[in-house]
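The chain below stands alone, shown as structure tokens; this is the form predicted alone.
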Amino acid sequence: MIMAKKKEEKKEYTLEDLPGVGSATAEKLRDAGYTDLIELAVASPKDLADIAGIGEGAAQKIIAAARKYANVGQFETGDVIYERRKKMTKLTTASKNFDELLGGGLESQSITELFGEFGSGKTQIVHQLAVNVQLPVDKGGLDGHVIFIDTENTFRPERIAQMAEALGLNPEEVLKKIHVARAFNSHHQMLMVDKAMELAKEYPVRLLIVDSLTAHFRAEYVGRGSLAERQQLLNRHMHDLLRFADINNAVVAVTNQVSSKPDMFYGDPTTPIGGNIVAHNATYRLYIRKSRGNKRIVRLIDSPALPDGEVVINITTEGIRDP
């Protein structure tokens, strides 16, 4: 009972309780998106120093205290992690074959990457997910809201309405639960994840979509000289997305491009952009390619626990379906 009380007390700590954080500094941190101890505990000392106008040494002390109070950065036994994993949920794709490939659907607390050539159906799939997540849990949904970070002007409310009607949902109500933000460059795109974290405090956001993940980074950082900076920013972006998934027990689905021709950075035409940075941070990686007519082949090429495999799906006017 005593231990339980201590845990409850830790949850009541605020930013002002941290050493070196007064009311003015706490206000700056909240304005920058650091609204609780967990967000602060996983912050970069350099970023925190720049935002709060303090030295990196002071920032490191604040972060260390946040980690202590929020119980972040400690070792855990496997049974504790197993209990936390029980909270993980699955989101249906609307295709039984596709769901089986993923062990029941897209997993929360994870990043699922869908990559493929132009017209392969990546955007169609994430539109379907934006509708499905609003279904009740007993129908494969998560009964939640969606955040859609649109980097290539791909979001189409008309398509959402079609898919919603096909599932017997009210299109207007479905669209009201999809929060769309157009990202105009890579830095804006990264900022949108911070804004998504704020929005998730107002609404039960259970799905975050980025379509597409690498388009801005690829266009803005060209050539060998800018490759290191691009990869560093992509790494940070992916970590922010994974943090969102963990904190909100949400599904994160990102689409990715492939190179149009072999070159020194991107390899063969079926290689997704982003290299090892995206590969190591994405929990599940799916390669989508065209087949005959409306058919698409979905191949699972990377997963922590599932075997590689592939299935065929149909992209119809109603949405994603089994052939």
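Because the structure is predicted, anything quoted here is derived from the model rather than measured. Residue positions are given as counts along the sequence shown, with the first one as 1.
Another form, the form predicted together with a small molecule, is not on view; read the next lines as being about it.
- Screening 93-101, 169-177, 115-123, 227-235 for residues having heavy atoms within 4.5 Å of the small molecule in the predicted bound form returns a single hit, 115-123.
- Mapping the unseen interface onto this chain, Gln162 counts among the residues with a heavy atom inside 4.5 Å of the small molecule in the predicted bound form.
- With a 4.5 Å cutoff on heavy atoms, Val311 does not count as touching the small molecule in the predicted bound form; it lies far away.
- Of the heavy atoms in Leu15, none are within 4.5 Å of the small molecule in the predicted bound form.
- When the small molecule is considered in the predicted bound form, Ile315 lines it closely, a heavy atom lying within 4.5 Å.
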